[in-house]
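One chain comes next, on its own, written out as structure tokens in the form predicted alone.
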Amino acid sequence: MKILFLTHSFNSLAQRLFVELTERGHQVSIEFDVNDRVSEEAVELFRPDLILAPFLKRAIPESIWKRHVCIVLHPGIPGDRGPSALDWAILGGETEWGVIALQAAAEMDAGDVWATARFPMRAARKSSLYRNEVTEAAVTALLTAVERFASGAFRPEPLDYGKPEVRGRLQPLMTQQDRAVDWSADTTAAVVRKIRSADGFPGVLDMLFDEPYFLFNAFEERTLWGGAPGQIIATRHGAILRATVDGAVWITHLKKKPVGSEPTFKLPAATVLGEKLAGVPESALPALPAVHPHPGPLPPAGEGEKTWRDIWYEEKNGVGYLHFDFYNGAMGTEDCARLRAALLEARQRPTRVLVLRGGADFWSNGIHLNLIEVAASPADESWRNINAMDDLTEAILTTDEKITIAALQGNAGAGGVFLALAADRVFARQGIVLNPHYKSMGNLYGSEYWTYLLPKRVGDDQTRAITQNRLPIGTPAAKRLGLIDDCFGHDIESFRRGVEGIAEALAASPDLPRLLADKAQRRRSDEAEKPLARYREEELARMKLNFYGFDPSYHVARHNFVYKVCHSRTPLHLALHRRPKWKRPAAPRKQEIKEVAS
């Protein structure tokens, strides 16, 4: 079928649904919902069989939904309505939630139901639930709805609050007052829950040093305490630790409340507060935390931890597991340096296999654009950051004494994909999305040795296609291309178990010495043909033009990304119907409907 996405942006959910539908042979075109006229024009140009709305911030125009079947995804259980569905579910302590695929109608979220899917709620921030459980449920619900629509025999079910299973209700927009933290009374668990309900938008508004800030990304602390509730008692790698009535809570990111029309954006908390933190002690952790050998299965990442850390290490049965979990997958200069230091220490451990595990939401998205934007010289910080990423990538590439495995539990983009390709084996969880390209960031050329790593895996022709097309790649396609070695695991825990099985089998294999010898020989041959230093030099020469040259497109694109400047139009690589060679098809019969059932 021809399917048109009407969406506010091409976010992680829209990308995953695009991948799933194109993998099944559907032709998908995308239109950013700028205004009614633009959306109407897109429908007229593409003449879709079906319209899907994976992520909208306003209602679909009546001129569209009255003439076409439009299926909207809502992150709630049957009967739930309103713009803060997931926020209320987290704050209210719901143990089960879901996603509804419903037909657009006059009332928001009140249309007939095409499909539903449910999931158990995890104690996590809203953005993490959205990228994992909500996304998986949305895929299930949407694919069911598309299949039912294609059959022509299914009739969506009207919403009936009289049914006992319809327990959702219309919920108002959650306000800052609804989730305000009362530091004099709220427990650590309550503070964490409130901040999680607002992550990554809009954050919880609070006062620090008599100024208003939005709080993001909170973790319970179980080893450090003291100070008056609300007081900042420690810092660590850019995060701040605030006392509560029964303990303390780490808050990793802040956004200063805008004054007038002055825009602001999220940054590490210590970067935002700066000199205000003078005298607050740093509770630093070593680059490679104490080794924790596990006789049984490894616990889920972070579970059972008594303190917040974004890099940690474990060992089991001859395998080292180096974890790193940076907020939104962004890796600043210091993050890269800390992870490289941990990697170099892990290389010295008496293990035979080293697994690199990124976070559950993101493996890595490359350089930290927000920190670059706030730097005194964004060009200089861009240069420092990309060199730090290159140093880290090189450290993985030159790990001769172990087999390295990149285990991608979450999405990866730009330099983060090529960081993963530096490992000997690359495995990905089913359903994650890869964006192995830089071009959308103002024609940024990119580094991380991608001109060496990508052609080795996919060949020159596919390298050109991947880097120029700028489209997300799902794990089945990535495996077919050779971009990754395999994909498995429908959830994070099954993927982790699968990786552990592979890694431990490698560590115990009698063939391991031969594998290591073959690896060393390939590296020597490649180095003799063209040294890694030359790849890096050539890539950075192009990057220097991006950072310091006369073309400002990278700096403009980065600014727009960081400040979330809304798109004025849909890029042509997404909007098939707006390409110059697009020929408008005849209107399909199935798209026209006389009346939407009420």
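Note that residue numbering follows the sequence shown and begins at 1. Keep in mind that what you see is a predicted model, and the values were worked out from it rather than measured.
Absent from the display: the form predicted in complex with a small molecule. The rest refers to it.
K.L.:
How about K266: is it within 4.5 Å of the small molecule in the predicted bound form, going by heavy atoms?
P.N.:
Because a heavy atom of K266 falls inside 4.5 Å of the small molecule in the predicted bound form, the answer is yes.
K.L.:
Might Y327 be said to contact the small molecule in the predicted bound form, defining contact as any heavy atom within 4.5 Å?
P.N.:
Result yes; Y327 sits at the interface with the small molecule in the predicted bound form.
K.L.:
Taking heavy atoms only, is W450 within 4.5 angstroms of the small molecule in the predicted bound form?
P.N.:
Close contact is absent here: in the predicted bound form, W450 is far from the small molecule, nothing within 4.5 Å, heavy atoms only.
K.L.:
Would T22 show up as a contact with the small molecule in the predicted bound form if we use heavy atoms at 4.5 Å?
P.N.:
It does not: once the small molecule is placed as it appears in the predicted bound form, T22 has no heavy atom within 4.5 Å of it.
K.L.:
Looking at 328-336, 423-431, 102-110, 222-230, which stretch has residues with any non-hydrogen atom within 4.5 Å of the small molecule in the predicted bound form?
P.N.:
Residues of 328-336 come within 4.5 Å of the partner.
K.L.:
Among A85, A115, L343, L369, which has at least one heavy atom within 4.5 Å of the small molecule in the predicted bound form?
P.N.:
Selected option: L369.
K.L.:
Just one of S128, N435, T235, T475 has a heavy atom within 4.5 angstroms of the small molecule in the predicted bound form, so which one?
P.N.:
For this set of options, the contacting one is N435.
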